[in-house]
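Here you get one chain, nothing else, as structure tokens; it is the form predicted on its own.
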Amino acid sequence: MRVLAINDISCVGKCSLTVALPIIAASGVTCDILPTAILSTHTGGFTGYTFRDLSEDIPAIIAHWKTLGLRYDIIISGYLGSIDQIEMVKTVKHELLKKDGLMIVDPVMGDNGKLYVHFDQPFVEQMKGLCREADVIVPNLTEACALTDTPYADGCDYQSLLKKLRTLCPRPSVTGCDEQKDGKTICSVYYTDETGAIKTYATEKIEGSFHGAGDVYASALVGALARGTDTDTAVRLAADFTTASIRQTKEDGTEARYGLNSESCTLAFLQALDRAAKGAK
């Protein structure tokens, strides 16, 4: 099983590839990387950061990989710095994803009701096109609203939002929901591939805003799917791991902008994943 993670490298502030590579690899599969940019820190909560776009390097990297005969079971894309990079990811999918492979798109564009700096409506429109190329998409609430031209608001109709997303992708999900259910907070609303039903998964609510939570969730989800678990199990494992990492970060008193302290929670995630993977065989 070989996975390709397409994302930026933020050298400080645990997110993007510095999260995806260790989590996916620890899940027991090979994880290659395609960096889209390199930053001294991520852009949330830091100022004065450096940024180098790597778009010029990507075509040569792809060409070299093709000479090696590399093909991927799963490709996941995250932060893309330009419309040109969106088109490059489409090329990667068409040339390097196996015929029966899984394309996952994390349409990183914004949070808390706002697009990130440097992103605008034309970029959103092009991201819709990339989502149409995907088998699974994992936007947060802000990104889901942007992709469906839905006004952002607390307490929105998640199931209606998910139905709109399904016009872009057969297996969409929305993360970071804040709807109460049975004393817990729904963290993911999603379509399953097994039944085509809309389902939810809830965990405890931990107050605060934590950078990199979406990257931890998406990476754990990929790791679980790569190990052969079904959608329900993958969502549960990824959500529980993310929640545990948030809880640990809050207990440690770490500044939110430095990302989640998921390291000490990884063993428990891997043990749960191993049990689930063995049960899936």
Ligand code: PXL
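Being a predicted model, the structure only gives us computed values, none of them experimental. Start at 1 with the first residue shown and count on from there.
What comes next is about the form predicted together with the ligand, which is not displayed.
- This chain appears without its partner; in the model of the complex, the one residue of Arg171, Lys128, His211, Lys93 with a heavy atom within 4.5 Å of the ligand is His211.
- For a residue to qualify, one of its non-hydrogen atoms must sit within 4.5 Å of the ligand in the model of the complex; all three of Ser10, Ser16 and Leu39 qualify.
- Heavy atoms of Tyr116 reach within 4.5 Å of the ligand in the model of the complex, making it an interface residue.
- Contact check for Gly28: no non-hydrogen atom falls within 4.5 Å of the ligand in the model of the complex.
- Although the partner is absent here, Tyr79 lies within 4.5 Å of the ligand in the model of the complex, judged by heavy atoms.
- By the criterion of a heavy atom within 4.5 Å, Thr231 is excluded from the residues contacting the ligand in the model of the complex.
- Partner contact region in the model of the complex: 40-48, out of 248-256, 62-70, 40-48, 222-230, criterion any non-hydrogen atom within 4.5 Å of the ligand.
- Contacts between 226-264 and the ligand, taken as any heavy atom within 4.5 Å in the model of the complex, involve no residue at all.
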